[in-house]
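Before any questions on binding or motion, here is one chain by itself as structure tokens, the form predicted alone.
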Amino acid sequence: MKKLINRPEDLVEESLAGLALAQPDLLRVVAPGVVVRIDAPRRGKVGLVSGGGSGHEPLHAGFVGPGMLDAACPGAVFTSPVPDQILAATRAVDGGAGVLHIVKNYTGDVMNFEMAAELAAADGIEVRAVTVADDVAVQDSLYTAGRRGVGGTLLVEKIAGAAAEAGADLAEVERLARRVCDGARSMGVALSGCTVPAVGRPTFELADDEMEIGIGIHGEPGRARVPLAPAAEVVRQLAEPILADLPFRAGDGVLAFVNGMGGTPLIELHVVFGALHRLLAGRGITVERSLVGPYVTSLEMAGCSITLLRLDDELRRLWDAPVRTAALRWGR
């Protein structure tokens, strides 16, 4: 194992401290594993909190800032944050208008966010939650009851964050977050495993001529281990199950998100995006908005995921709204 770390047990806290030093105008660390935007809490604004295991950076702490999350609570690598940590994040962003928890559908995350919401309610904070379960690859994987939450999480955070920034109330922010959950579908592929620092060995092994289709962001098994294929064929194997699941139809406009898993360079991700764009055009589906890059990663895993979200005027407007975070920013 070769990693630029000091001690595995200090990795998350040292990384968050470095993030805060690098982005002092955007965020601060207020407690172990709790990152909040610099101006939180904002009176009368709905607070958005998300979190999960570390190792998926920039998710979630990299999306804290105006137009997106108010707080993130990263756990240890591939480990859910604990209820007290989530509660601290919730309290830190409570501006009196309620707090929305955005939770990826992993059993530990769901359970711990539910416990934190109960504790927050005892403090008089109104908390609602949406669960992201956009992965079409498998049902009931190693860590989930139901589908996993993967790349669609970023889209929920961005669109709900834009609504909250514009002054929407808690019910409206929750409605929009659920709309994105309902309309987003994802699937990924791995070309290599990744190494959790505390473990010191890869989570799984793939031969040089193999890939895993439908992999999870923690290295969970996918649909099949198959021979390595050209990018266009990989895109077909990922996109066809996505298109069939909602289903997407000719005439739809979509946001197309090609996400790197941490070890795949942008030169390859743009090859994937080009192949996806051509495939969608051949089905009569228009790519109206796009995002390409390593945003929901799995440490140094090589591979990518594809997420499609069906768009309309409301969702398009909120996606286009200004955002200013460490990892995602556009507009004023």
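The first residue of the shown sequence is 1; numbering continues from there. Note that the coordinates shown come from a computational prediction; the quantities given were computed from them, not determined experimentally.
The same protein also exists as the form predicted together with a further copy of the same chain; that form is not shown, yet it is the one meant from here on.
- Taken together, 18, 232 and 273 are fully in contact with a further copy of the same chain in the model of the complex: each brings a heavy atom within 4.5 Å.
- a further copy of the same chain in the model of the complex comes within 4.5 Å of no heavy atom belonging to residue 314.
- Proximity of residue 210 to a further copy of the same chain in the model of the complex falls within the 4.5 Å heavy atom cutoff.
- In the model of the complex, a further copy of the same chain sits beyond 4.5 Å of every heavy atom of residue 283.
- In the model of the complex, residue 46 stays away from a further copy of the same chain, with no heavy atom inside 4.5 Å.
- Proximity to a further copy of the same chain in the model of the complex, taken as heavy atoms within 4.5 Å, picks out 224-232 from the listed stretches 147-155, 224-232, 175-183, 118-126.
- Taking a further copy of the same chain as it sits in the model of the complex, the stretch 51-67 comes within 4.5 angstroms of it through a non-hydrogen atom at 54, 55, 57, 58.
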